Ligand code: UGY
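Have a look below at one chain only, the form predicted on its own, in structure tokens format.
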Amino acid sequence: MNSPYGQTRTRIAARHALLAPDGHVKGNVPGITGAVVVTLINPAMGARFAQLLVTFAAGGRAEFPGNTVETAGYFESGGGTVAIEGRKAKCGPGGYFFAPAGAAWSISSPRVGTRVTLFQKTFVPLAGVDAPRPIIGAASDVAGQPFLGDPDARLQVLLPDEPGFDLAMNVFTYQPGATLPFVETHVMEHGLLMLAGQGVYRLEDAWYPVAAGDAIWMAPYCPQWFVAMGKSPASYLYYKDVNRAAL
């Protein structure tokens, strides 16, 4: 939609950001062809990871060699075939994967319009612990657990909570009116994509209306809180860094 008066909900601050779809600009990312790619979050913003939104056209493909970067991906819509170091599986909406550092991976034969979010970071190994393994799964197979006992706020943990993994990828779903139970302030950094519904997100001392399609960056120790609003559930996909030493 055109914005004749230069208006947008997008806000970029030193330690948080809200990126609304009205400001998306296509860029070229090596390894991804036949797709519109939007780099929503990366170190140029001050983050320590990258979050990409990929929308595939006919004949699109993503193909990356094994290197020091690990990738967690989530199919918001559509579908395609994911291959990681010889392991191959088809993913539909809600499908997800994890390609560890050193593993070549690809997405092939995507349906036209398929939307995939990618979280990428440089892997930090942990002495004496095995590196994480490749994963291909479906969110529909992961039961949502009540968050801190609240059945109206359910968390799906998509990747294993094991010491070898230095990142997590989860889906959080709220019934209308449900909230985070308190204003969280923690060392973990977040990248987030609103998948459905709407609500209000507090980031530091600002409150932002958010809806499906919005992306959010939260730096370490950014105070954060969410309430779902409207008549339908709200859900979001999010990344965080985990399981590494404080120093």
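These numbers were taken from a predicted model, which means no experiment stands behind them. So that there is no doubt, residue numbering starts at 1 and follows the sequence shown.
Beyond the structure shown, there is the form predicted in complex with this ligand, which is absent from this document and is the topic of what follows.
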Non-hydrogen atom contact Met194 with this ligand in the predicted complex at 4.5 angstroms | no
Looking in the predicted complex, any heavy atom of Gln224 within 4.5 Å of this ligand?
-> yes
Even though this ligand is not shown here, does Val210 get within 4.5 Å of it in the predicted complex, heavy atoms only?
-> no
Although this ligand is absent from this view, report whether Glu184 comes within 4.5 Å of it in the predicted complex, heavy atoms only.
-> yes
Which of 48 to 56, 185 to 193, 62 to 70, 25 to 33 lies within 4.5 Å of this ligand in the predicted complex, heavy atoms considered? The stretch 185 to 193
Quick one: from Trp105, Phe98, Phe119, Phe172, grab the residue that has a heavy atom within 4.5 Å of this ligand in the predicted complex.
-> Phe172
Are Phe75, Ile136 and Phe165 jointly within 4.5 Å of this ligand in the predicted complex, each by at least one heavy atom?
-> no
This ligand in the predicted complex - contacting residues of 222 to 247, heavy atom within 4.5 Å | Gln224, Tyr236, Tyr238, Lys240
